[in-house]
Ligand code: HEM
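Next up: a single chain in structure tokens, the form predicted on its own.
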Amino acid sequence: MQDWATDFDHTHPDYAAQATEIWDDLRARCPVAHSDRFGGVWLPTRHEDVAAIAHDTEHFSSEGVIVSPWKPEGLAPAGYAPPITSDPPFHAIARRLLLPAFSPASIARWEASARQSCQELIAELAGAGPVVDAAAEYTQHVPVRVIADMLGVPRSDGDKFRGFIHRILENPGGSVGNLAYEDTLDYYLRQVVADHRQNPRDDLIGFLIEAEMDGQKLTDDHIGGTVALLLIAGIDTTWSAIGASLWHLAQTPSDRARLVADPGLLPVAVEEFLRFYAPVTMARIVKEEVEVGGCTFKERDWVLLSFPSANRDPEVFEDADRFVIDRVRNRHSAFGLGIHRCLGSNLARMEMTVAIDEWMKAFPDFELADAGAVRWSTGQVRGPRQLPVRILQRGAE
């Protein structure tokens, strides 16, 4: 890649490592990048353009939300993972169906178990040396356990979840070698839905099995697609956001001290973590030719909606390139914009708040052990996958 403006690859490790610098550069001089990779893909970087596309369901379809060489076609309006892959009018119905399960009151019932999971994970680190991998040994496990509990599947399936996430989000279109069907997400979903039909229980999959749309029960494909959405979009995104938050705190003693001195600041800080380290870039497929930012998008082109770049646009945010832990005005787009704004935002906020709170109680002072060893995920969800930190102080000390 000679120029990110004309030949970018969002799945390349260099892009993952330098993403914020690349967005800033493109926003200043481009501001809509294009690549012939993946059959043609656009990358708008200004908040104005990202917001316009996110709200425009006439020219842009959510039929495909993960850029890969294989472009979905003929699946609208439901798509393969409703409601995130759904277009109007189906989208509104499929989304409305899930609202009760993700209301603030519904999510509140999971806070105690999430906190217990964080405490258990931290207890496992109690006997470790001064250096631990905060990503591999902590952040990656928090949403896995929460989502597994919500779905009524074993927490031990976490390794399977991570395999699905890697193949679908971090390496889209990559070779899967001799992957057996029994190891695919499709097989897993069919098995867990069938098991829930045979052994009914009170969890989210049970809720979907009993739910109706227009007086009809949901098909297994609809249920499986929605469960896939929760597994893929509900796990990687949150562990990435938690990991990026700890990465920031490991390098910023003043912000660590602020949170230790004033734990009540955490909810405000979480919003700034979400703005500054927004993990998710979503995709759309162009339905019909349209102009954006002076560029002509052709029918069936891919478009990447970089919400992280939009969150750093100085035209929208004061001191956009500076992390302000007590930022008051913060209408960030970390959870997306338009009709597809993240349904699980209450869940993500709860998990982030609990995970950071429990970590800071246990380890009020810590630092990066080796900045060069930090590895960021590739693809459309960005967060630390390796995060070695040195514990300088433990909560009991």
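Numbers follow the displayed sequence, beginning with 1. Please read these numbers as outputs of a predicted model, since none were measured by experiment. In this text, the rigid core denotes the largest set of C-alpha atoms whose superposition between the two forms falls within 1.5 Å.
Separately, the form predicted together with this ligand exists; it is not shown, and the next lines address it.
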* Structure fact -> Only one of 188-196, 289-297, 322-330, 80-88 sits within 4.5 Å of this ligand in the predicted complex by heavy atom distance, namely 80-88
* Structure fact -> The one option of V280, A114, A269, A250 with any heavy atom within 4.5 Å of this ligand in the predicted complex is V280
* Structure fact -> Picking from V132, L246, A233, V142, the single residue whose non-hydrogen atoms come within 4.5 angstroms of this ligand in the predicted complex is A233
* To do: Using the partner position in the predicted complex, report whether R95 sits within 4.5 Å of this ligand, counting heavy atoms only.
  => yes
* **T238 within 4.5 Å of this ligand in the predicted complex, heavy atoms** => yes
* Asked: Does this ligand come within 4.5 Å of any heavy atom of P364 in the predicted complex?
  -> no
* Close approach of G336 to this ligand in the predicted complex, 4.5 Å, heavy atom -> yes
* Asked: If we check this ligand in the predicted complex, which of the residues in 126-159 reach within 4.5 angstroms of it by a non-hydrogen atom?
  -> I147
* Has the Cα of L151 moved 2 Å or more between this form and the one not shown, judged after a core fit? -> yes
